[in-house]
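Below you'll find only one chain, the form predicted on its own, shown as structure tokens.
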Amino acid sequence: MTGERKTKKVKTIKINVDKCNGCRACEVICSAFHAAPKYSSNNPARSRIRVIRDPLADIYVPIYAGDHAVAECAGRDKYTIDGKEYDECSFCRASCPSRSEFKEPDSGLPLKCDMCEGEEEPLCVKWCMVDALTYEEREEEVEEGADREELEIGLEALAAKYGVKTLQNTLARLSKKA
């Protein structure tokens, strides 16, 4: 789809792993914000941000959920940090068939960070007392219609994987929250 170019506000969370102390406040507030009704429960499995932890080595890496991947990636690189080996999946932001992270615990549908839609800034950033998470907005040029095309591709992929009925039920449940 080709068309005019327009500017779009891109929102992102910048992560400074050197500052993260592993408190997991980001996970707590995120899961509470996304509970139904809001703030009625705390289930870190519903959190759109996870902290990879290795307390003995003092390693904490916050990762927030990105786009859903229909297939697993081919790469299985290994990373060594302070003598501990991590696989590539540990740092991946995607929900995919090969891992359970960033999936809604009841339906199994993928989760994606929505930057706490409706809030001034993501709550994980507000609740991070050590400033390991910072919120950034920038303008970027995009082709008009790209968002709609991306949405259609995403919905088609979800319908193919989980079935239209499961997708409809989840959307109906989510619309009741809003």
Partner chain sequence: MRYAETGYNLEIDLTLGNIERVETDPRDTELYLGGLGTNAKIMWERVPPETEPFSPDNLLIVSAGLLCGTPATGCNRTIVTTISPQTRLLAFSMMGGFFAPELKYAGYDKVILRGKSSSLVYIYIHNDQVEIRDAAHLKGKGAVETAGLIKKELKEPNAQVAAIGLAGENRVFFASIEQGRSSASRGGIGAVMGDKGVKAIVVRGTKDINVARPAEFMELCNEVMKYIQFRNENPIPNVMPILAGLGSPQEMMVHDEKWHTENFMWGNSRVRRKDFWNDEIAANWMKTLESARTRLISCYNCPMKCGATISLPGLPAYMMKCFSKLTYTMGAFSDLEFGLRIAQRATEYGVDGFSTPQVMAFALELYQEGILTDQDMPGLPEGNEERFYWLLDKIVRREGIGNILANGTYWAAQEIGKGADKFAHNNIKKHEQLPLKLSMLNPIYFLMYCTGEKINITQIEGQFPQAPFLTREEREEFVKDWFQVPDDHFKQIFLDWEPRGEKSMPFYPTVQMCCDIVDWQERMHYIDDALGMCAGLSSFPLKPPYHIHNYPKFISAGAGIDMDEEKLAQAARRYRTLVRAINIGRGMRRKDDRPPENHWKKRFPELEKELLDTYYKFKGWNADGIPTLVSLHELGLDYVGEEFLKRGIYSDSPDEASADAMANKVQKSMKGDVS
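Predicted model, so just to flag it, every value in this text is computed and none were measured. Positions refer to the first chain, counted from 1.
Same protein, other form: the form predicted in complex with its partner chain, not shown, and the subject of what follows.
Contact with its partner chain in the model of the complex, defined as any heavy atom within 4.5 Å, is confined among 43 to 51, 65 to 73, 135 to 143, 107 to 115 to 43 to 51. By the criterion of a heavy atom within 4.5 Å, residue 78 is excluded from the residues contacting its partner chain in the model of the complex. The closest non-hydrogen atom of residue 21 lies within 4.5 Å of its partner chain in the model of the complex. In the model of the complex, its partner chain lies within 4.5 Å of some heavy atom of residue 25.
Proximity of residue 129 to its partner chain in the model of the complex falls within the 4.5 Å heavy atom cutoff.
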